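Just one chain is shown here, as structure tokens, and it is the form predicted on its own.
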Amino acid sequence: MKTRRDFIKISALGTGGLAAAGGAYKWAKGSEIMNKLSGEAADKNLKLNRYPTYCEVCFWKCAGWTHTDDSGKIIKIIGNDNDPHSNGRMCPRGTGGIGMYYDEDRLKTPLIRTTKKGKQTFRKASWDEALEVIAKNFNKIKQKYGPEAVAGFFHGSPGSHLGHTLHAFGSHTEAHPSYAQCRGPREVGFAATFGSGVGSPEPTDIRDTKCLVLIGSHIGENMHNGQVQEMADAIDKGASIITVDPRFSTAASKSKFWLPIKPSTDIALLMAWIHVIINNELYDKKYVEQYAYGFKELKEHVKKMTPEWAYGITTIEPSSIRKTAYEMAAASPAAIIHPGRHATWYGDDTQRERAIAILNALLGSWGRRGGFYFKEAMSLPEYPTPEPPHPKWDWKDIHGDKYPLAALPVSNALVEATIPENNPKHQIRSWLVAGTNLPLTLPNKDQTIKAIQELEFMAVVDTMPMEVTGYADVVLPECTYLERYDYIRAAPHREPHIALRMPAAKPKYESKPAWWIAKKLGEKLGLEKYFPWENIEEVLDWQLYRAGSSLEEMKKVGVKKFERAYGAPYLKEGEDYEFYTNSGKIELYSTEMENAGFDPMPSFTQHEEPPENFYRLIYGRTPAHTFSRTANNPNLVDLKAEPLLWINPKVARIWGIENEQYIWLKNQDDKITQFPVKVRVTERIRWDSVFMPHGFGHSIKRLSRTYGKGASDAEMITNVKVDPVMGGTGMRANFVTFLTEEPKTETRS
């Protein structure tokens, strides 16, 4: 049955030089380019020019140098020695970022949806026409429903530019999926405990830690560059690593203790650790007495949460629970229970992060060397523009009474408000999407597509023809980060610093930088007064001058450090310190949670068990890729071309599944993967679970290197457990079984 907005396969186009050539041709061409560049880069006599940048392949945004030869070809990317994010060393993704620039599958020209011979398709358009169509439709929505009915879904650098346009237009209806689908629970959980969220990068003092606990945090596979380097240094200095994971991850292979926990039982383990540390008086008594609130209540709360109690839930031996608790305490305060990054698992994730925060507090690690340092960022002034109009309603009104402790917009709430049958008081009628592939990013793909079908208009800005572009009314090709300026990176760290990104080459094809798109769209919308600059260089130089630098200086150094303005990164012994909580102390008993109607201390609740012959789906990262955005990168495809589904040998024998066999997955809601996935039979995964990397299974033929390569975990995530505290979408309550023969097309998702 056809929907009102057909999904258009960009690969089917035959206009504007957009038709996809055969995959084999493109693969060979990509490899040929990379091999040639590798050879040139190895030529020591080759004169190279360098340009400062910071990476856009993942959120870590490592600063580096992009090198070109005299003909303007980009040759290589290396780290900036002065950058605390990279320490002069880029990860495989960072060095492979050059592949984004040379990828022939890139979006090359603006596209507009049209109907030809009764069939919806895209046609090539000029930038002026495409922006005119967007502005006309946004203004139409504004007249009918108000500007607030235009919502933004953003990820990465484009969001800062297009968000400015959206605010000037009169809408604050904007979401970054990284909050509700990734890091939100830890921000709320830690803020309820310490009065401060974790932020990015996490202020974990791994280089000086004596004990690092990774509970579902896959350092070494998520390639958080600075932390990976610091973890390696810590191991060299004799630090203990404790990894809690249903599978023997890369981090587990470097650990003193690996606890192969039963999935969904993490809170029970955390509470048992807290029990051992309190009842054996292993906690930092002076620290807790001076800085903590609610210790007596916590001690009473965990009285019966013994290792023996936890053993029946987690399958972790009581002796292992005690040994690891003593290991942490011996290292205190130089101990870290890592808060993780992707924290949306089972719907009680804020409470799990609260337990992690409480454990860190008992060990005295917050604000202590080898624990968590007090981060500081360089504050840059905003370029003067008029105050944007105040919206009549925004994302908080969409939330209503839901998710009372959400500090940022919840993307799934905006999706729900787009579907009329949900009877939203404040309805969204148009989306502007940039840098996020929503069908593979948001859980419950069917709901996302349903919301898209209800839109009156959708515009998408991206570098690649991702699944989301196929549903757009207008597609705008953004150039890669190697071809553009962006705002100054001023992320917090041990010391304030700034980093510059500037183009090393002109944008290829007809692609444009997001700042240019935001400005030109703003002008089309009649918002010229909000863009009183000719180009972004003018803005950057204005900001840098007031920060004690200049654009010319930053072009030469790339990264500049500054002295801390707000004290030391660590507490001094006995120092008076007020935390930004209701009590002014670290809240082991959270008054904020209690006031919002939630349990002030975390407790374990039982989660769903897999049906017979089903296994819990665990998804994660691979060092070579960042989500779906790098799956077609010619450099990184050479490192990891397709995902592998980890299955325990016992399970494989029961099903008669061989190593490297291709199978399909079916979940508890009878959804079947569109493409098969190759099996890896391994003892490194528990028998009750399977594991696969996220970001594969692309259905866009234009993505010639990744089309049809492996199954998509997103297709299997239909059972979503929403965290009532902040709206995070728990996505690990899904179970799969195996199909060893290709299913009929009509039965697939």
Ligand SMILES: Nc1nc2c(c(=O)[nH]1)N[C@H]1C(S)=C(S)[C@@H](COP(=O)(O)OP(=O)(O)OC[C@H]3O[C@@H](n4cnc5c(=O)[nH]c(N)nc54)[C@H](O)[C@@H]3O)O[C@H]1N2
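A residue's number is simply how far along the shown sequence it sits, counting from 1. As the structure is a computational prediction, the values presented were derived from the model and not from experiment.
Here the subject shifts to the form predicted in complex with the named molecule, a form of this protein not shown in this document.
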property: Answer range among 286 to 294, 637 to 645, 215 to 223, 387 to 395 for contact with the named molecule, defined in the model of the complex as heavy atoms within 4.5 Å; result: 215 to 223
property: Heavy atom within 4.5 Å of the named molecule in the model of the complex - the one residue of Ile428, Leu440, Ala499, Ala361 that qualifies; result: Leu440
property: Residue (of Ile618, Ile75, Leu551, Leu527) lying close to the named molecule in the model of the complex, criterion heavy atoms within 4.5 Å; result: Ile618
property: Interface membership of Pro246, the named molecule in the model of the complex, 4.5 Å heavy atom rule; result: yes
property: The named molecule contact at Glu587 in the model of the complex, heavy atom, 4.5 Å; result: no
property: Tyr403: touches the named molecule in the model of the complex, heavy atom cutoff 4.5 angstroms; result: no
property: Non-hydrogen atom contact Cys182 with the named molecule in the model of the complex at 4.5 angstroms; result: yes
property: Gly197, Arg368 and Lys445 all contacting the named molecule in the model of the complex, non-hydrogen atom within 4.5 Å; result: no
property: Stretch 608 to 644: residues contacting the named molecule in the model of the complex, 4.5 Å heavy atom cut-off; result: Ile618, Tyr619, Gly620, Arg621, Thr622, Pro623, His625, Thr626, Phe627, Ser628, Arg629
